[in-house]
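Only one chain is shown below, in structure tokens, and it's the form predicted alone.
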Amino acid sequence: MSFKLFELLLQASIYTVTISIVSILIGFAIAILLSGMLLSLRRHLVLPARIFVSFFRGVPLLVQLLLIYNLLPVIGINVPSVVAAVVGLSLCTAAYQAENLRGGFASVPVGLVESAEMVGLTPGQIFRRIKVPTALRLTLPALVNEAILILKASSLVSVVGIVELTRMAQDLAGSTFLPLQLFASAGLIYLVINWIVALAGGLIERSLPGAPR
């Protein structure tokens, strides 16, 4: 396989990484809101969050992408394929991240919070200095796993017309008759990307307050 073909795969992988990172970050912002709603004592907040999480965890991502891609024009919203892909991935990962964060916040030791209250920290300070770092440290491995899953699942966005890494490998394999070399190269690129994500997650986990050194 020529370097030119490998270079085309690398260029497509930039699309894969960009769409995945943007989706994961948007999903994380939505997940924080959802986790707060899930932990709320108010039923009118818990119920919509549970319905959202159940739907996006229960319906295959491929179906979600096709629904969003075909639904938006019907309700008068015409957006590029890449936007529909990001929306689909973001909503899907938000559901999984919300469950991870909910578990993390629920696992913050009560004694830790009570000690912070005794030394005079305000609820806002306790949230920022105690609850968020502790919950993130507890859930970071799960969040990193979710990020890796989204990176791999991003190959599904080709159904809405995005030429990401897997789609590029398919297109090149069809025109060059080198499927083994191209898909092996695509697999190697995915492996390197996910190894970097796992490495970065480990570094972030060790940098959080209270993490073992």
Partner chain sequence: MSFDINVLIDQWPAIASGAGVTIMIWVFGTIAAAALGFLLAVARQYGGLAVDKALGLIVAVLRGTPFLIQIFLVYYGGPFIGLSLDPLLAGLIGISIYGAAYFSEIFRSGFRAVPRGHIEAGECVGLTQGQIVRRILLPEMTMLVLPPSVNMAVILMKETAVLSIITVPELTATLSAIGSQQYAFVEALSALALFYWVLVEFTGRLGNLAETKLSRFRFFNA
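Positions refer to the first chain, counted from 1. Remember, predicted model here, so these are calculated numbers, not experimental data.
Same protein, other form: the form predicted together with the partner chain, not shown, and the subject of what follows.
Looking at residue 71, you'd find a heavy atom of it within 4.5 angstroms of the partner chain in the predicted bound form.
Though the partner is left out of this view, residue 105 does not reach within 4.5 Å of the partner chain in the predicted bound form, counting heavy atoms only.
Residue 41 falls outside the set of residues with a heavy atom inside 4.5 Å of the partner chain in the predicted bound form. Not displayed here, the partner chain is kept clear of residue 203 by more than 4.5 Å at the level of heavy atoms in the predicted bound form. Across the proposed site, 23, 46 and 133 without exception lack any heavy atom within 4.5 Å of the partner chain in the predicted bound form. Out of the listed residues 147, 186, 172, 31, 186 is the one that sits within 4.5 Å of the partner chain in the predicted bound form by at least one heavy atom. Residues 152, 155, 156, 158, 159, 166, 170 of 149 to 170 are found to place at least one heavy atom within 4.5 Å of the partner chain in the predicted bound form.
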